[in-house]
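As a starting point, one isolated chain is supplied in C-alpha cells, in the form predicted on its own.
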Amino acid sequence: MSAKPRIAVLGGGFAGLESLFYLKYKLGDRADLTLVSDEPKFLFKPNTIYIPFGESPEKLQIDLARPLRKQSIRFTSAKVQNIDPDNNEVVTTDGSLQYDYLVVATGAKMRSREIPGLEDHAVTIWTPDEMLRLRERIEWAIQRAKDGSRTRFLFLVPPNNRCSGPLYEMVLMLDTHLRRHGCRESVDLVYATKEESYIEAFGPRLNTVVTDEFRERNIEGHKGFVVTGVEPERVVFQNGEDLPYDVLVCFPPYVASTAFEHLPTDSRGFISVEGDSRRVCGQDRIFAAGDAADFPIKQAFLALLQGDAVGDHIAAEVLESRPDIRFEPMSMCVMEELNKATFAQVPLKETGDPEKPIAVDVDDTEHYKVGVSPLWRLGKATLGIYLPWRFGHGKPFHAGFAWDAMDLGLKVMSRVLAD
C-alpha cells in the first residue's frame, strides 16, 4: 500500500457517493480519493416519478464538480471497462487507474429483451427520457378522454425485477392525476405483477395497504401473473391469461450495469459480497455496494446503508481500528400517491432459501412500521431536499448533526403516523 492510501470509487449513484463522502468524512486528508463515473451529474432517481406529471428532469440533477472540488476528491470522467485484482488496477475508457482500495458501485441496468415483445411495445420507467415518454402517453390519454374515447393503462412487473415500488407509486399517482383532470372514469387502470403479494419484498402490511388503495381507487389488480410475452395491444401470461392494453408501462428485469469477469458474480452479473462489510468474496481490498452487489432488493435507502458499511470498513482498516458499522438491511421508503403517501420501514433478514433469500422480519415490531397519511408527503419532500443538499456539499447522508436531526424527525413522524 502506498503511504497515502489510494481509494477509488466506481460509480456516482447513491452507493458510490455515500461511500465516497463517508470515507472523506472519516479519513479527511489521510487518503487519496478518486471518483470514476461516466456521468458528471448525480440523478436523484427516486423523484423521477414526478417527471410524468410535470417535473423538470433538470431539477433532479446535481453537478458533481463543485462538491468534489470542495472535498479535494479527484474525478475521472470515464466508463469502467474492467478490473484487474491481481495488479490492483481499474481499466477505463480514459486509461488505467491504480488503487489500494476499490469500491464498485456501478449499478444496474434494465434488460427489456428478456421478455419477448417488451422492448417494442412497453413504456419503461428507468431514465428521465423514459419518464418523459410516459408523460406524453398520459397527456394523450387525457386528450382522448376529452374527445370521448377510453384508454386502458396496464402496469406490469415481470420476473427478475428487483424493485417494484416505483411502479406502484406510478399507478396510484396516475389515478390521482386523472381525477384532478376530471377524466378518471374514461381511463382503465390495470396492474399485473409476478409477485404473490403486492410489493412482496416488503412484507404483508404493504400488501394490505396496496390492496385497500386499489379497491378504493377502482384499480384492477392481478397477483401471480408471470408474463411470457408482449404483443401489440395484449400481454400474455404463464397461467394462460392475457390482458389487453392501450398503454403498457413496465419496470423491466434487472441485470448488472457492468460485467466484471475477474470478480465473483451471480448469473445476472451482480457481485458476490460478504454480508456485514460488503467486501467482495475472495478479495481483501475490493468492496461492492448498491445495485452492483448481490443483495436481491435494489433500492436507494439500502444502497446508502451499504455505502456506509463499505466506507466505515475501509476507514477502519486505514486507521487500524475496528469498524463501527455493519450492513443491517432495513428498507425505508415513502410511497407517493399525490394526494397522500405511505411510509414503510421494513426490517429484512436472510432466509437461507436461494429462491427467496430475503424476507421481512415481521417479529421485529419495534422497527416494522407502516402508515398512510397526507403528512407523509411532507416527509418525502423533506428527504428529496435533504439528500441532494448533503451530496451537493460533498457530505454523506447518514452522518453528522444534520442526519441526527433528520433521523429524529423521521422517528417522531413514524411514532405518530405509523404503527
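Residue numbers run from 1 along the displayed sequence. Being a predicted model, the structure only gives us computed values, none of them experimental.
What comes next is about the form predicted in complex with a small molecule, which is not displayed.
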Inset, instruction - Quick one: find which of 118 to 126, 320 to 328, 143 to 151, 217 to 225 has residues within 4.5 Å of the small molecule in the predicted complex by heavy atom distance. - result: 118 to 126
Legend entry - Every residue of G12, A15 and P46 near the small molecule in the predicted complex, heavy atom within 4.5 Å: yes
Inset, instruction - Spell out, yes or no, whether the shortest heavy atom distance between S257 and the small molecule in the predicted complex is within 4.5 Å. - result: yes
Inset, instruction - Would you please decide whether K26 lies within 4.5 angstroms of the small molecule in the predicted complex, comparing each non-hydrogen atom pair? - result: no
Legend entry - Non-hydrogen atom contact D38 with the small molecule in the predicted complex at 4.5 angstroms: yes
Inset, instruction - Report yes if any heavy atom of K380 sits within 4.5 Å of a heavy atom of the small molecule in the predicted complex; otherwise report no. - result: yes
Inset, instruction - Only one of L156, A105, I314, V273 comes within 4.5 Å of the small molecule in the predicted complex by heavy atoms, so just point that one out. - result: A105
Inset, instruction - Name the single residue among V280, A341, C163, V171 that comes within 4.5 Å of the small molecule in the predicted complex, judging by heavy atoms. - result: C163
